[in-house]
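Before any questions on binding or motion, here is one chain by itself as structure tokens, the form predicted on its own.
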Amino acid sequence: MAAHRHPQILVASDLSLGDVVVLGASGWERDVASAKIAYDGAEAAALEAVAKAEAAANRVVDFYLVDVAVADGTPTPLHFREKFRFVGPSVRPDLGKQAARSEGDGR
């Protein structure tokens, strides 16, 4: 398959956590840096196949591929919607995932 314009990661909503997750090497992860990166259509299709099985098992819903930029092996979503989903509310930096990061949880 042809290479994508941008690498992609797979994002979903976890039904037990109620949080946005990415498909990583060990399953679903909350940290976008842990996401598996698809560099072509075949790799993206493989990610979607895993997500379809996970959705059928009622572990995740609303999965989709997201274009990312990759620097030093770490993906960063290109669209602001996914950036907000992984960081937290922009009007209250003391809330959400960004607050946990500033408290030193290592992410």
Partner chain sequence: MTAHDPTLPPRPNAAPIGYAYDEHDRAFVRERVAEFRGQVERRLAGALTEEEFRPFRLMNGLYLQLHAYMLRVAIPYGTLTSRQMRRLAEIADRWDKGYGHFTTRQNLQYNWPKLVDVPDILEALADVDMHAIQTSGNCIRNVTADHFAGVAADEIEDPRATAEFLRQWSSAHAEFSFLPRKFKIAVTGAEHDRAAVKVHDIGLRIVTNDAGEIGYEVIVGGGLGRTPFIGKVLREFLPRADLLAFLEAVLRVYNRFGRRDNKYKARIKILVHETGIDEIRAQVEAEFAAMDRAPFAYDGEEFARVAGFFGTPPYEDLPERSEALEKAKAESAAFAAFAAVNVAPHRQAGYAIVTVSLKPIGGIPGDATSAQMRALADAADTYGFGELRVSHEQNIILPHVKKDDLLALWRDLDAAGLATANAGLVSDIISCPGLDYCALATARSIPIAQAISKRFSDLERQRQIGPLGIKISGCINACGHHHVGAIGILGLEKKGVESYQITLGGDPTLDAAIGELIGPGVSAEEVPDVIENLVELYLAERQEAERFIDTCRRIGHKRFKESARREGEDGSGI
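Positions refer to the first chain, counted from 1. Since this is a predicted model, take the numbers as computed values, not measurements.
The form predicted in complex with the partner chain exists for this protein as well; it is not shown, and the discussion that follows is about that form.
> Would Leu95 count as touching the partner chain in the predicted bound form under a 4.5 Å heavy atom rule?
Replying inline: Flag for Leu95 set to yes.
> Is there a heavy atom of Gly24 no more than 4.5 Å from a heavy atom of the partner chain in the predicted bound form?
Replying inline: Outside the cut-off, so no.
>> Would you classify Val61 as touching the partner chain in the predicted bound form, given a 4.5 Å non-hydrogen atom cut-off?
In response: Output for Val61 is yes: heavy atoms within 4.5 Å of the partner chain.
>> Check for me: heavy atom within 4.5 Å of the partner chain in the predicted bound form, for each of Pro7, Glu43 and Lys52, yes or no.
In response: Not a single listed residue reaches the partner chain in the predicted bound form, so no.
>> Under the 4.5 Å heavy atom criterion, name the residues of 72 to 94 that approach the partner chain in the predicted bound form, in sequence order.
In response: If the 4.5 Å heavy-atom criterion is applied to the partner chain in the predicted bound form, 72 to 94 yields His79, Phe80, Arg81, Phe84, Arg85, Gly88, Pro89, Ser90, Val91, Arg92.
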